[in-house]
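Next comes just one chain, in structure tokens: the form predicted on its own.
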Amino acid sequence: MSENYQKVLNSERFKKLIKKRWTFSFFMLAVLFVVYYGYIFMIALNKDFVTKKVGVYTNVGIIMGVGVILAAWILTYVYVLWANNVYDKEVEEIKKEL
């Protein structure tokens, strides 16, 4: 590995970028866990609420399941936006230093 790579790897800027990525990723993961396991716990602990009819053909559980899927899509969209607008730009700036 060349000296420039070692210099970048040991730089404070690179370490901050890695820390920022992990922080954002763990935050997104925590939100996903709350949404998903909240849904699972709701099914396990409050069956009467989840089986409550909404309209003719559906119930609260199905609507919540669709909400979990939509939440996963939204979280993916937010992550992609963040990665494209923040993370990738900083990576490109660091690459220019090489």
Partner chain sequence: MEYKFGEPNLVAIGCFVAVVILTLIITFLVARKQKQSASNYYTAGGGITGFQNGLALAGDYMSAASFLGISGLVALKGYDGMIYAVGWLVGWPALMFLIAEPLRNLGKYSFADVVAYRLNQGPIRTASAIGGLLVLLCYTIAQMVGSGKLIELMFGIPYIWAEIIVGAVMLLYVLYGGMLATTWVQIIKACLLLFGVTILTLLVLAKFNFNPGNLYGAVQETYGVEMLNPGGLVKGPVEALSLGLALMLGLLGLPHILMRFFTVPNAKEARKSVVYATTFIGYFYLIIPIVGFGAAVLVGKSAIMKIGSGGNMAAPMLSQLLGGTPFLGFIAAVAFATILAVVAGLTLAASAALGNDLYVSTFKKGNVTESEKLKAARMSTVIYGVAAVALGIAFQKQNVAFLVALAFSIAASANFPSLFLSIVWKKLSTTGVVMSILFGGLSAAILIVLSPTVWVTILGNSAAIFPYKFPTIISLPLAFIGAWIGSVLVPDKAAQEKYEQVKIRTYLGVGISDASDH
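What you see is a predicted model; the values in this text were computed from it and never measured. Residue numbers count along the first chain shown, from 1. C-alpha atoms forming the largest set that superposes within 1.5 Å between two forms make up the rigid core.
There is also a form predicted in complex with its partner chain; it is not shown, and the following applies to it.
In the predicted complex, at least one heavy atom of residue 25 sits within 4.5 Å of its partner chain. Its partner chain in the predicted complex comes within 4.5 Å of a heavy atom belonging to residue 65. In sequence order, 68, 69, 70, 72, 73, 75, 76, 77, 79, 80, 83, 84, 87, 88, 91, 94, 95, 98 are the residues of 67-98 having a heavy atom within 4.5 Å of its partner chain in the predicted complex; the partner itself is omitted from this view. Once the rigid core is used as the reference frame, the Cα position of residue 54 differs between this form and the one not shown by 2 Å or more.
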